[in-house]
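Below you will find one chain, with nothing else, as structure tokens; this is the form predicted on its own, and questions on how it binds or moves follow later.
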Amino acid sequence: MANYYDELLKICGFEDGEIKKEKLRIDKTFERLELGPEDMKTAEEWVRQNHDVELAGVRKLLRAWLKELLDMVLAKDEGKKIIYYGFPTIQGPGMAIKAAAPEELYVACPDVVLCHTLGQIFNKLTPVLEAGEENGLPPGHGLCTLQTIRVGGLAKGIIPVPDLVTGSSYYCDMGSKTDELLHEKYGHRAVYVDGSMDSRWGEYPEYLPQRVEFLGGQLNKLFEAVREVVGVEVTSAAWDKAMSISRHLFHSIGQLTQLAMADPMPISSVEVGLALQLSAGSTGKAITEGPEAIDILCQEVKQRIDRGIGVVEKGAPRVIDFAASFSDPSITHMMENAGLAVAATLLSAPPPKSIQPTTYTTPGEIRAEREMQSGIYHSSFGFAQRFVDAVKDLGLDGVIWGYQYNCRPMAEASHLIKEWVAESAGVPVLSLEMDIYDSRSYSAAALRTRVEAFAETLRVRKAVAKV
């Protein structure tokens, strides 16, 4: 007898045998998520409309996200110790913690998982957002909607209460404040990784060694807390193991982002975002399912390039955005339908080429130094300069600076970054206030007029340059 969710799961890459094997887990998860037959019909239409499911690699990425959702919702039931981290986060510590005890721990960013499943697959994130607004993060106060998703997920019993959380106070003060709220409500341990992004405008790529030592010490403090709370030792060997097993994943992501630069653009930035954010939100299925899915997708994209197939017309203006919407793929498709090749995001752009070998010895300091060199966690200027470098390195025609309106590190420098990038890179910049986690107020329809006008500006500019 068929299950009400069979068709959706098959669209998302599941085989009949796998659905049968996972039936009890799927039933339990969907019941907890309050997903019924009508939700599946909505999801089937939403996925077909917004994801390139004719590509096996895309179907496998959707499958990986759904399997991560199952693992997250059932983690406590299945006897796992649970550790959550925030977003944005320094890449690596979560992977290292997971690698230290892969069978005992569930380690992830739950809000990112919900964005890419309840949002991108089921189009049913609103009830979670509303639950977050009713349980400590009210609307209309400029509060981070990613944190609202976490609060709502816990309030609805979707996200299991963790044993330990870590917040990125070096970048996002909202994350640690939310973790403090949740600690008071649920009692779990919270570790705040502090830092400082203060520096003189123009200082990047230089930085004081004290910044590395402080942030590195904070990361090492996190590993000590992991040992105290869940009894897992995060050693240098665990760190090396994490980097080794994730190397394939990051290599595959890098290959996919390079292929997406072809003209005509062969794949939507929506699908590149599915791959890229799997590594940011997950330390489980990102490693076990991600590399194969992305490798298959790379082969399919190469075939499209060889055949001259594109999702926008050849010669379309090529732009970089900060990030594709985590929860609403229709926003990125709106940009593409306006005639823009969203060929890269700042999160997928190649890292600086001048990174030098480290002289530090502790895992925390090694990672902290790399983040200082990469720019994004260095300062507002470092963030802006990454845009400038990406435009020049990739030969882009413009920048959509889609800044998160309720994120203080982004909003405070929103127009300053626009001016600097336009002046230094010599391309038009659209400073676009939006919300990459919640599209209730910042929908594709609400943003379309400004994006279409910007696209026309870039087309005219390209046409004049040819004369």
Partner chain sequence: MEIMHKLASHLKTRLVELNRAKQQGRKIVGYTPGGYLPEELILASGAIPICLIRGGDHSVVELTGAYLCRWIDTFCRAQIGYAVSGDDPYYSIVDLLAIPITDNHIRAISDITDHSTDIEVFPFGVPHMKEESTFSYYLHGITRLKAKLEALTGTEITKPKLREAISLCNRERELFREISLMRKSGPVPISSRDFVALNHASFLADKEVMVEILESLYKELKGRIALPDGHPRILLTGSTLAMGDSRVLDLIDEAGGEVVIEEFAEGIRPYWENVNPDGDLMKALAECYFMQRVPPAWFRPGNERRDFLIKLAKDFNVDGVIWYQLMYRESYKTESYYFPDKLKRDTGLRMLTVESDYDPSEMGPLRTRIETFIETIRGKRHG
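Residue numbers count along the first chain shown, from 1. This is a predicted model, so every value here is computed, not measured.
Below, we refer to the form predicted in complex with its partner chain, which is not included among the displayed structures.
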| query | finding |
| --- | --- |
| Contact residue in the predicted bound form, chosen from R211, R386, K285, R367 - any heavy atom within 4.5 Å of its partner chain | R211 |
| Interface residue in the predicted bound form among S176, T345, S252, S268, criterion: non-hydrogen atom within 4.5 angstroms of its partner chain | S176 |
| In the predicted bound form, segment of 28 to 36, 42 to 50, 397 to 405, 56 to 64 with a heavy atom within 4.5 Å of its partner chain | 397 to 405 |
| is_contact(P409, its partner chain) in the predicted bound form, heavy atom dist at most 4.5 Å | yes |
| 4.5 angstroms heavy atom contact with its partner chain in the predicted bound form for L256 | no |
| 4.5 Å heavy atom contact, D295 to its partner chain in the predicted bound form | no |
| Its partner chain contact at L416 in the predicted bound form, heavy atom, 4.5 Å | yes |
| Sequence-ordered residues of 106 to 135 touching its partner chain in the predicted bound form, heavy atom within 4.5 Å | E134, N135 |
